[in-house]
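First, one chain by itself in structure tokens, the form predicted alone.
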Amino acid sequence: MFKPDTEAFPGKRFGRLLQPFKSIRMNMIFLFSLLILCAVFLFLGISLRVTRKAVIENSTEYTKQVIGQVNADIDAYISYMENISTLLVTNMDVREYLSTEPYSEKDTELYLRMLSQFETILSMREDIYNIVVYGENDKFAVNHGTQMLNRNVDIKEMTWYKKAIEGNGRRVLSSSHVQNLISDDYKWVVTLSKAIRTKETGKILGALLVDLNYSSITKLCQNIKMGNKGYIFLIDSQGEIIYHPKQQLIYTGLRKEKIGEILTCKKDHFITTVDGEEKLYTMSTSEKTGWTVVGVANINELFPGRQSTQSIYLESALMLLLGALIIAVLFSNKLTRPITDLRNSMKQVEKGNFDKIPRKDWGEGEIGMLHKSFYAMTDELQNLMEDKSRSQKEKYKLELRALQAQINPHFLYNTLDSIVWMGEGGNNKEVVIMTATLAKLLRQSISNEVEFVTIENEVDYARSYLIIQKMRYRDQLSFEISVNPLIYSCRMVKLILQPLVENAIYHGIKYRETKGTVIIRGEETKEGILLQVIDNGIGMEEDTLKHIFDKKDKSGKSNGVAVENVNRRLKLYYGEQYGLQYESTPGIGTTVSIYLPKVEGGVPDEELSNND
């Protein structure tokens, strides 16, 4: 037979995964729960994602405003310093000083006037460390005129000077650095430099340097709070860090920033992971300075209630899941109740309990129509079974009558033959006894048209049969009847004992070389009534015993269908738990037990006939 390979049908395996239980109700609850669980967790995931996105957007917007303000403050500060530098590079005294010959009287006068202006500015702005003018002719002026330039450096080769000259009048800003221009004076500064040119031709005369106090820049950034772990820092257009709260760690290489990502990012913010923590980087670049203020915020700090919010979402999801499960159970009970009812009805039909089928109206839906079809089917099945039972009973009645009709002629012929033989022998007394017993037996057989008799009547019928057979076989047969009189009034199907007694005589006792005995016993048991026909005949082989209830053809003088007929009639009228049971040992004898229900007083024959 072809067996489908379930491994070749992944659809079936998937179907079994979705229906792990045998009960349709449990499968519905499982599927409902699975769908609800997926929906709840999807909702939970979307909620957390939307919440996180909203928090990050709001934080980004806030940070952009904050760092934008810092950028504006820096622009304003640089603009102010640029104005000062412009004022100096366009100052006529500065230009003439760089144009005149050194050591002349006018040179000295211009130098002093220029220093006076420097002193005025320095006294007004404490955030300016140095003001230096250095000419192409190597003339210079430094602050108050009391400080000297560092002899170890070549001014014209310094970056600030070269970029100022190359800028040809444009302002040049440096990154933060330690200024080594002044002898014995090293401070952290941000340098603003600009070329000094003649008014008429634009010829470059030298360059102006203004060193801004680095702390002035840091103050603008340090006042900004970005949470406990947040901060801002400042880089120039080349990615050089101008300000960072951990400036020393940056310079020593112990700490690094995402400079590459900042310079290449096309948006104004990005999220990255630093030391296992998510960070939000927000950038604002000044068009004026080219500097970029970077705000760094810790994501966890942006969402301080993240854990509690997740707990609330999770608890809400679990509550929804629990509520949904309860609803799923209630709905599944409601939906599967008609199917459960149908299943219970089918079990009753399996047991043959047609009358115990609960008939309910489940409406005109598919389940309701299924119930109605099932009810119609069971009604039809019950009618068929009742018709079949009636037909069988009618069949057994006919077989019973045929059995009686067959027994009587054989038995009557043999008995009459014995009476003739005894009459010829002059045994008148025995002729009288046998004739009277035969008459009684025939009267019981002919007059009794009903199917049920008392046990007493059945035993008397067997006794009459045994008396006649004992007179015929004389010394070859004896019998004993030991039936409890208390069960005499109980009713039983008639013509049960006599066929079994006949079998015992013709198939057991007859073949003994010595005298045989037939014993009839009867008593009440816990289960009902037990009658036994016991003989000490030749017994039966095991194979014969196995086929004792097989249907046989009638043959010879014995009734070949007697045992099977008797057993079937008992089961038909009393049920499968009743009937005959044989025990036999070759050479020892046979015992046939008749199990009957105890029918106290019996069932009226009329009623039994109606039930047929």
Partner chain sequence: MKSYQITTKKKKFFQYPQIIALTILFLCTGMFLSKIMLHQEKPIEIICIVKSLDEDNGFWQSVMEGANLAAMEYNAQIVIWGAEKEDDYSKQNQLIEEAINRKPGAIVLAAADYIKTVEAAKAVVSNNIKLVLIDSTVQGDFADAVIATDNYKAGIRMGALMKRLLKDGKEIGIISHVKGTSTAIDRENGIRMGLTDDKDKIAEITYCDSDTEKAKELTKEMVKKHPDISVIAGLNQYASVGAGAAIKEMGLENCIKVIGFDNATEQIKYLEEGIYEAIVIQKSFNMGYLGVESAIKLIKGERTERVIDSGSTLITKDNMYTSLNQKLLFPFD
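Positions refer to the first chain, counted from 1. No experiment lies behind these values; they were computed from the predicted model shown.
The same protein also exists as the form predicted in complex with the partner chain; that form is not shown, yet it is the one meant from here on.
Here the marked residues T86, L110 and S116 all miss the partner chain in the model of the complex; none has a heavy atom within 4.5 angstroms. The chain is drawn here without the partner chain; in the model of the complex, the stretch among 342-350, 75-83, 355-363, 452-460 whose residues come within 4.5 Å of it by any heavy atom is 342-350. None of S123, T146, N484, S311 but one reaches within 4.5 angstroms of the partner chain in the model of the complex through a heavy atom, and that residue is S311. Taking S286, T90, S489, N150 one by one, only a single residue has any non-hydrogen atom within 4.5 Å of the partner chain in the model of the complex, and it is N150. Shown alone here, L48 lies farther than 4.5 Å from the partner chain in the model of the complex, counting heavy atoms only. In the model of the complex, at least one heavy atom of Y214 sits within 4.5 Å of the partner chain.
Contact check for S104: every heavy atom lies farther than 4.5 Å from the partner chain in the model of the complex. In the model of the complex, no heavy atom of S418 sits within 4.5 Å of the partner chain. Shown here without the partner chain, the chain has E240, I241, K246, Q247, Q248, L249, Y251, T252, L254, R255 in 231-259 lying with a heavy atom within 4.5 Å of that partner in the model of the complex.
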